[in-house]
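Below you will find one chain, with nothing else, as structure tokens; this is the form predicted alone, and questions on how it binds or moves follow later.
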Amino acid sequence: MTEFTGRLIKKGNASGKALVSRKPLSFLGGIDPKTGNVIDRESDIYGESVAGKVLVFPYGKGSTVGSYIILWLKKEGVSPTAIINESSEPIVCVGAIISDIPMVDKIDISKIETGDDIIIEGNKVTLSKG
């Protein structure tokens, strides 16, 4: 078991399997807001679903509409349970806040792999290898 302490962006508790992208993510045009599937063909997690996962990626990119895509994912019931970034930026932060999705950053995501079990309690992240 590995523990990290990050910077709290959106307070909350969550758990789930990690879905890790080593590349930055854009929610607008990158994730289908009705299904939660990654539709950006350039993404290293293309075809995967973010629904019910702890979504881990370095940072967000793209349009400010991405915040509303995160909210749309939540309303459709296909959002991630939590978001972990190396370095957050305003689009993803606002999306997590308005969607009530726990979020932390300042985490060394190189230590996390897809399928790992993640528990988030506030700014504490506990990792168990999946």
Partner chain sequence: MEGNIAVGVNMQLTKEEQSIYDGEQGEVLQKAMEILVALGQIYDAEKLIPIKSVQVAGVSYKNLGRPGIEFLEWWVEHGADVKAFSTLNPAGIDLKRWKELGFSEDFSVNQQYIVDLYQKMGIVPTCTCTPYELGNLPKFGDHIGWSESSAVSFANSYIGARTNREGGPSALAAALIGKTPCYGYHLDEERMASSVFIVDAKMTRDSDFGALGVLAGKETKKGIPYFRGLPDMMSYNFKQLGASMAASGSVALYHVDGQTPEARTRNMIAEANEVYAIEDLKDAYAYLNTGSEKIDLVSMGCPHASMEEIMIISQMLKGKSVKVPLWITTSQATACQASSYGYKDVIEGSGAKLITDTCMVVSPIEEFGYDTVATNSAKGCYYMQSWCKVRTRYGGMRQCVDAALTGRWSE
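Residue numbers count along the first chain shown, from 1. Predicted model, so just to flag it, every value in this text is computed and none were measured.
From this point on, the text means the form predicted together with the partner chain, which you will not see here.
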Given that the partner chain is not shown alongside this chain, does L71 nevertheless sit within 4.5 Å of it in the predicted bound form, heavy atom to heavy atom? yes
Classify K11 as contacting or not contacting the partner chain in the predicted bound form by the rule of any non-hydrogen atom within 4.5 angstroms, answering yes or no. yes
Contact between K129 and the partner chain in the predicted bound form at 4.5 Å, heavy atoms? no
So, in the predicted bound form, is P90 in contact with the partner chain at a 4.5 angstroms heavy atom limit? yes
What I'd like checked is whether R7, V65 and N123 together line the partner chain in the predicted bound form, meaning each has a non-hydrogen atom within 4.5 Å of it. yes
Who in 32-49 is close to the partner chain in the predicted bound form, meaning a heavy atom within 4.5 Å? none
